[in-house]
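Presented as structure tokens, the chain that follows is alone, the form predicted on its own.
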């Protein structure tokens, strides 16, 4: 990690930059994949899966037999942990339901809004060396609460053609029936266009690397909605003298191990804290099985000393982190002042890992500064809001003249006529 001392606000935008791939090459490759899947369907999916995942598949969909085997391969302790997480995530998300609340804006004019589920959704679950079965919980539980009719789950297979048993077990626990052994941009394309095996969906969910993120953004061009641009994982930790350096280092490394394109940021009020944390980072990295991945991610990462708290807060809002950890005495100042962050973790005993797995909040969050404009996944992500209104005869008489005046001022005379013809009719009925 690079140590940076006392930066000024005019350098914040540069400091907040994330590592990027060549977007020209990236987008060209995504377009090729999309067209191949669109025209060749399952055949393209099989080819790409063999090419990039090293798996030769006989079929794309997971079978009932595979689900049964997976259930036996998950330990009882992991099943219990998954169940605890399931209950907490369910409790947090079901509390987000909104009752229908009709309101009479004026006598005889009633308006209300109703939540309805998006009917067909696609879930992308990263797999491979880090099978994120926890993401199944984060996406499938609110989808179930919302009442989504069809849920398609895509995840890359291991080289032997199997899906990690924890992913399959968790998908079963969440009631998912369609599980597809395809990952990467080709999985996104399959859910956009549909193939013989993979149903097309209306909205896509799930995190992924920059290829998956680019594919999701490409999906928008074909009329398929996405949850957010969720790319490589990131965390920003603000730590003062009350922080425990070993804890801070562990939180930084927890995000760095996601992938070599991840980024972790440490912000401290003085250099001594930063150096203490960096020593811990070096020591702990040497013990991690994914140490090579971590070290590559740390090349993209920074430790920044900002002695002024307001300036530190300004940098946090400029960076707009996916995860923000506040290990400091003045956490209220920061938590109340932050307006660009995906999810906030307060105190020395609130590791980001809790949000990743079992505390209840959703871990599918905006990255790459998209927290400036996007929220993390919630129940609202899986529903649409439809507005309704009902106007009585008396209500139309009360509001009608205003509608006609406004329509005439906009030179939209048919709009005016749609009201006038009704008011004239009511006159014939002696209203």
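Positions refer to the first chain, counted from 1. Take the two forms, superpose them, and find the largest set of C-alpha atoms that agree within 1.5 Å; that set is the rigid core. Please read all numbers here as calculations on a predicted model, not as lab measurements.
There is another form of the same protein, the form predicted together with another copy of the chain; it is not shown, and what comes next is about it.
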Closest heavy atom of residue 393 to another copy of the chain in the predicted bound form, within 4.5 Å or not?
-> yes
Is there a heavy atom of residue 101 lying 4.5 Å or less from a heavy atom of another copy of the chain in the predicted bound form?
-> yes
Quick one: is residue 144 in contact with another copy of the chain in the predicted bound form, heavy atoms, 4.5 Å cut-off?
-> no
For residue 42, is any heavy atom within 4.5 Å of another copy of the chain in the predicted bound form, or not?
-> no
Selected contact from 73, 200, 250, 309, since only one has a non-hydrogen atom within 4.5 angstroms of another copy of the chain in the predicted bound form | 250
Only one of 281, 305, 137, 313 has a non-hydrogen atom within 4.5 angstroms of another copy of the chain in the predicted bound form; which is it?
-> 137
Name the stretch: of 206 to 214, 266 to 274, 181 to 189, 352 to 360, exactly one has residues whose heavy atoms fall within 4.5 Å of another copy of the chain in the predicted bound form.
-> 352 to 360
Taking 26, 56 and 177 as the candidate spot, are all three within 4.5 angstroms of another copy of the chain in the predicted bound form by heavy atoms?
-> no
Any residue of 282 to 318 that, in the predicted bound form, places a heavy atom within 4.5 Å of another copy of the chain | 284, 288, 289, 290
After the core is overlaid between this form and the one not shown, has the C-alpha of residue 353 moved by 2 angstroms or more?
-> no
Would you tell me if residue 207 moves between this form and the one not shown by 2 Å or more at its C-alpha, with the rigid core held superposed?
-> yes
Core aligned, does the CA of residue 335 move at least 2 Å between this form and the one not shown?
-> no
